[in-house]
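Okay, so here's just one chain, in structure tokens, the form predicted on its own.
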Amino acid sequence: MKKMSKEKQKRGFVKDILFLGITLVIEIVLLLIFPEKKEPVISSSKGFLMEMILILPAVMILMGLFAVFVPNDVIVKYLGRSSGIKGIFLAILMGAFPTGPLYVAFPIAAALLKKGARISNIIAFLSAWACIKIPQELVELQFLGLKFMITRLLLTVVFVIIMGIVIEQIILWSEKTTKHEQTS
């Protein structure tokens, strides 16, 4: 079992390196075709790299603390399969409070999933992180009005819930089909 996991990790690493290599080749080809874009591309890439270097180590430390100090049964109880609608709303709330780039949410989502959170709750968490932010809602209220903010917020929550359930069903169906194909 452990050997299979290491092989799976190794294949994932090779895929990541391949993806990085293909991305770099595409970038180089595009820069050769459009040399006038070289400066903005390099400047933007440098900015994103610096942002990630500054933010991701703190996130990784928090993820380590989360992995050690938050027991799996707590995650299963509040965000797992049996959490129901309360789990979805808790996931939306967890995603709505933090401010920061969406890529910070991905390691958190992966840790929650690994600890037993339901897929639909992870979709709700990521979608809330991307679309619902408490400070953003207040700015929206100020510029677009209460009616607009409430309508957009309610529709966002409804569609986030629907999207989470649909994506969960698709993933479960896909996994079931793959397992069935492997056994037959």
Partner chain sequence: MNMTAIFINALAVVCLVFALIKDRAKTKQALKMAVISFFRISPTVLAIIIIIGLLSGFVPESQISKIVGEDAGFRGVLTVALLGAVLHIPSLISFPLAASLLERGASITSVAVFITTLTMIGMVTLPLEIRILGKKLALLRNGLSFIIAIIIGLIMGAIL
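Computed from a predicted model, the values in this text were never measured in an experiment. Numbering follows the first chain given and starts at 1. Heads up, when I say rigid core I mean the largest set of C-alphas that superpose within 1.5 Å between the two forms.
Not on display, but discussed next: the form predicted in complex with the partner chain.
By the 4.5 Å heavy atom rule, the three marked residues Leu20, Leu24 and Lys37 all count as contacting the partner chain in the model of the complex. In the model of the complex, Phe97 stays away from the partner chain, with no heavy atom inside 4.5 Å. Residue contact with the partner chain in the model of the complex: Leu113 places a heavy atom within 4.5 Å of it.
With a 4.5 Å cutoff on heavy atoms, Ala117 does not count as touching the partner chain in the model of the complex; it lies far away. Under a 4.5 angstroms non-hydrogen atom cutoff, the partner chain in the model of the complex lacks Leu93 among its neighbouring residues.
Residues of 44 to 79 placing a heavy atom within 4.5 Å of the partner chain in the model of the complex, in sequence order: Ser44, Ser45, Phe48, Leu49, Met52, Leu54, Ile55, Leu56, Pro57, Ala58, Val59, Met60, Ile61, Leu62, Met63, Gly64, Leu65, Ala67, Val68, Phe69.
Here Trp173 does not count as shifted, since its C-alpha moves by less than 2 Å between the shown form and the other one after the core is aligned. With the core held fixed, Ala110 shows a CA shift below 2 Å between the shown form and the other one. Annotation: Cα of Val59 displaced by at least 2 Å between the shown form and the other one, core superposition. Relative to what is shown, Ile92 and Phe69 are closer in the model of the complex; their C-alpha atoms differ in spacing by at least 3 Å. Annotation for the pair Pro71/Ala105: C-alpha atoms approach each other in the model of the complex, by 3 Å or more compared with this form.
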